[in-house]
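The chain that follows stands alone, in the form predicted on its own, written as structure tokens.
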Amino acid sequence: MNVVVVGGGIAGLSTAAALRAGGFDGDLTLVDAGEFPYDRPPLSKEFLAGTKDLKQIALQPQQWYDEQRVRLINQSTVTALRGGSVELADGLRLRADRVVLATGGGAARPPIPGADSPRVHVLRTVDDADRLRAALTPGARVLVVGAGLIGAEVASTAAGLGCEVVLADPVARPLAAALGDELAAWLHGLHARRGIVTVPAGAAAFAEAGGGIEARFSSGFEPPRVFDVVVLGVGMVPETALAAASGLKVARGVLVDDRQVTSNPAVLAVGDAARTRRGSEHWEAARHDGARAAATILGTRPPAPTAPWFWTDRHGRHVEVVGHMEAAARVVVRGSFDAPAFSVFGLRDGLVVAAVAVDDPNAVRAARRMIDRRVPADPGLLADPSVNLRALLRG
């Protein structure tokens, strides 16, 4: 059997790794547009800050592809899927019994007047990060639009590089659904404590002015301001052009079933390009998609689902989130928000349904096991920092 994976992000690479780990012995090809597959979370942090280079964010060294017998075709794109073959931009055709689309997504660009200015950046690729980093010089006036994960991380990195940063978002407590209102307010408040001006509004229009770019805000916020750099961190658009051109069903993503199979049984889709009932765009969700796709191709049972997990780093704080905080009926704080490390647990019907940990990864690991195993939890014990959380796993 010949399998071709289109796209070398974490979803595509995870598919290839899971196939080999599961005993797949056929031909396996990974087609990627870049020099080699690299990790994207560092783009808004270490890579943007210049503390890591491209080789340091590679998902795997070249030796791994050789050892795993994965043919890596780099700096290339797939232009068509044609009944049993994959056609590349240079005309090369690859035989493919199964194709896995891991085409990812592009940065969203809302129709804001003036957003086509070269001073307006997005961040999705290494090339995007290189262009943005060149603009983030000390003293540069930077506007970041969107205070979700990417926007907040870029704002933090830009401030650390000595830029004057304004962070705009119409939502008063970004990430409140994932973190809960109180913790979301605390986390968003870190920006102001680090000298970033937070604006409770969205960007309405941009215009070249005074050697920079003038930004007008929605919600009647203040007079316009002039910036040197604008960064749009307002979400992702799934890359579905290849899927649509190949006749696959597409609706805000490539439609797939629980086995990652598209409307064509020979084609699967994973990661940001795929639209599933899970609806998560985070790094680990993409990795799990790859494991499910590999199990489908191998004809084996897919891995058991686990509570969703993601992380963010900003202003020197590491935050991990597991589960669904919006499902919690009660919130328990372990420690305090002004402590060096603390965590927050969400409970419902005596069970942990979510947890958020700030500089406390052990708490998230324990909480994840509690969620997955449905271990009953005593709120008083959870709140006591002297109690070993691993002891609570015994119920």
Partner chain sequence: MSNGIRVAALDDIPEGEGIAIDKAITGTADDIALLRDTDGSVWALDDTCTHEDASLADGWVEDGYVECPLHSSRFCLKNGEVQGLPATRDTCPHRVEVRDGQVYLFPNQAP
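Residue numbers count along the first chain shown, from 1. The shown structure was predicted, so the numbers you read here are calculated from the model rather than taken from an experiment.
The same protein has a further form, the form predicted in complex with the partner chain, not shown here; the description that follows concerns it.
- Not one of 82, 272 and 306 is positioned with any heavy atom within 4.5 Å of the partner chain in the predicted bound form.
- When the partner chain is considered in the predicted bound form, only one residue from 128, 320, 153, 228 comes within 4.5 Å through any heavy atom, namely 320.
- Checked against the partner chain in the predicted bound form, the candidates 26, 350, 361, 50 yield a single residue with a heavy atom inside 4.5 Å, and that residue is 361.
- Although the partner is absent here, residue 217 sits far enough away that none of its heavy atoms falls within 4.5 Å of the partner chain in the predicted bound form.
- The partner chain in the predicted bound form comes within 4.5 Å of no heavy atom belonging to residue 382.
- Although the partner is absent from this view, residue 188 stays clear of the partner chain in the predicted bound form, with no non-hydrogen atom inside 4.5 angstroms.
- The partner chain is not drawn, but in the predicted bound form it has no heavy atom within 4.5 Å of residue 32.
- Contact with the partner chain in the predicted bound form, defined as any heavy atom within 4.5 Å, is confined among 336 to 344, 322 to 330, 350 to 358, 55 to 63 to 55 to 63.
- Residues of 360 to 390 lying near the partner chain in the predicted bound form, listed in sequence order, are 361, 362, 365, 366, 369, 373, 388, 390, the criterion being any heavy atom within 4.5 Å.
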